[in-house]
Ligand SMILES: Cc1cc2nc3c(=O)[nH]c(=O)nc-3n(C[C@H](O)[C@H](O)[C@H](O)COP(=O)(O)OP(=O)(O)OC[C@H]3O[C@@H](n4cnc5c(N)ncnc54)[C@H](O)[C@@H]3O)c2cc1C
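Single chain ahead, by itself, as structure tokens, in the form predicted alone.
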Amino acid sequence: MVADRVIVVGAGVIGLTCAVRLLEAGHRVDVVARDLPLETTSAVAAAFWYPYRGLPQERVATWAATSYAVFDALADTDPESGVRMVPGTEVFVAPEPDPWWGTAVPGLARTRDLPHGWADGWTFTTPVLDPAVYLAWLAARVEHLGGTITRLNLAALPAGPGLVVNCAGLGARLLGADRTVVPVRGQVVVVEQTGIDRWWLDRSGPTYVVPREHDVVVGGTDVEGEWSRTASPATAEAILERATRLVPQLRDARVLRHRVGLRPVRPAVRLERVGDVVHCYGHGGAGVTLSWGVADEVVSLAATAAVSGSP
């Protein structure tokens, strides 16, 4: 049964994607958020498909596979979405077992073509997004389908009428009364594009180099419990030093800007319906990666009978 109205709280990649899927299913949808799309953590992300700090593994792998397929199709059919399929390599200093999410990725293969200092790795082609372009595309899709996006600083989740979808990310600490959601600070350096056409990842840093059409995102950090959004020059220097060991081509790249985002990490993604609220938050560093998969499940939950529960 289609709801008369759905209010989606949160305008990052999760909230906007849920809004699109709900609108496509015939719901009337209004998105409300303190931060508009280009002000969210999603706008800071390196924005490539990789299930980073998202649990539980089985559900994450299913959601990630759904999202991979949607992004792959968008890259082929809608260049205005800002999605491209880019090959790359994840590296390890010691032999590593196959990834638990490997079934979600077509064509994942072991490689010995590695930079000096790394002993194992695998290659695969993954979606890479320009977040500014992609979030604008999602917002335009919401509005084209008849939805609205409004800045609104909430002290609590709206109290009806209709269904509320809580995609507030870190805001769920307040709006969902859930203190298990914690910030994990991520700092990146954006440099000029110097012809880099592959992504590289060393999860142990984490260190990653993600090429986009006009720039390259170099990261990163993973500092749990840190709320500061101010970029640290010393941290930026350390990021670039690690990344240059991995991709020497970065050595002379001009720095364009520094960015900091706070990943909403939780022991497990919360995706459930409680009364007239569907909670969908705690995606860690995998918001882009899980977005279309969790949005499909949100639509299914919107059609189910209300249940009781707690965080």
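Quick note: we count residues from 1 along the sequence shown, nothing fancier. The model shown is predicted, which means the values in this text are computed figures rather than measured ones.
Same protein, other form: the form predicted in complex with the named molecule, not shown, and the subject of what follows.
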Taking 4.5 Å between heavy atoms as the contact cutoff, choose which of Val60, Val29, Val278, Ala47 touches the named molecule in the predicted complex.
-> Ala47
When the named molecule is placed as it is in the predicted complex, which of 250-258, 268-276, 62-70, 35-43 ends up with heavy atoms within 4.5 Å of it?
-> 35-43
Could you confirm whether Asn153 comes within 4.5 Å of the named molecule in the predicted complex, counting heavy atoms only?
-> yes
Using 4.5 Å between non-hydrogen atoms, is Leu201 touching the named molecule in the predicted complex?
-> no
Would you please decide whether Ala286 lies within 4.5 angstroms of the named molecule in the predicted complex, comparing each non-hydrogen atom pair?
-> yes
Is Tyr134 one of the residues lying within 4.5 Å of the named molecule in the predicted complex, judged by heavy atom distances?
-> no
Using the arrangement in the predicted complex, list in sequence order the residues of 157-184 with any heavy atom within 4.5 angstroms of the named molecule.
-> Cys167, Ala168, Gly169, Gly171, Leu174, Leu175
